[in-house]
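Below you'll find only one chain, the form predicted alone, shown as structure tokens.
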């Protein structure tokens, strides 16, 4: 389960589960994170998951690298297949040239029709590998191989809030307007950051996500509900 454990300065350790970005290695990361959270190990200050690694920040006055290493040895033989518990979300997206400025480019580069792009993007169940580069931005994978595409060599100066993008074999959603280089194929009208909630971010690492194509009318209705603060978030949870 664990490929390598190494010291990360004098108050952190890096746990690596493999080199390849895939569902299996990321599920191991999520499992180890949950294991440590459930153990409530004294001295752990933060657990920071990435694609294939988990950074454990700890207080060296309360615990040690050796102590944490000993605790982790208990999970080496664990079977995680039946222990991964993920939230399931269904996210509405308007796939349209008005909301997806890179649709035409992707159609040309990947030799696909618009209907094929929509079908291929809504087909898989994606795993949220990690959160970054903006607060609330989910890195999700893996996209269908026919949708594989490179980032723009020159990022846009502004990508609109809710924009759904593709980069390599991953997909993501911009939680706020920002510069960005992902190929934009649509837009989600649901707010990804909700300051009024105790946990403000819509996505968490380890979530399972499906995309659902919606019409312009549905898109505008959800936007209206979000503006009036009447949108029912339970609609997106399976």
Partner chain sequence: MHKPIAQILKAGLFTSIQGSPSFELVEFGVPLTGPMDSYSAQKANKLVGNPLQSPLLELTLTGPQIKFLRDCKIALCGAHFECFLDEKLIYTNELIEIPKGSVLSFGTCIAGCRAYLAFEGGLLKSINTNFIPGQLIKGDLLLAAPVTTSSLEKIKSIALEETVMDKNEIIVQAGPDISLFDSELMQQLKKISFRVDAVSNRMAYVLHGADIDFFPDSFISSPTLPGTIQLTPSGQLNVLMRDCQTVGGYPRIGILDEDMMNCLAQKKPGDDVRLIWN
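Numbering follows the first chain given and starts at 1. Please read these numbers as outputs of a predicted model, since none were measured by experiment.
There is another form of the same protein, the form predicted together with its partner chain; it is not shown, and what comes next is about it.
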* Asked: Heavy atom to heavy atom, is residue 203 within 4.5 Å of its partner chain in the predicted bound form?
  -> yes
* 4.5 Å heavy atom contact, residue 235 and its partner chain in the predicted bound form -> no
* Asked: residue 140: heavy atom within 4.5 Å of its partner chain in the predicted bound form?
  -> no
* Answer for residue 228 alone: is it within 4.5 Å of its partner chain in the predicted bound form, judged on heavy atom distances? => no
* Asked: Hey, with its partner chain in the predicted bound form, do 162, 213 and 219 all fall inside the 4.5 Å heavy atom range?
  -> no
* Considering 112, 120, 105, 134, which brings a non-hydrogen atom within 4.5 Å of its partner chain in the predicted bound form? -> 134
* Asked: Listed by sequence position, which residues of 14-35 have a non-hydrogen atom within 4.5 angstroms of its partner chain in the predicted bound form?
  -> 14, 19, 20, 21, 33
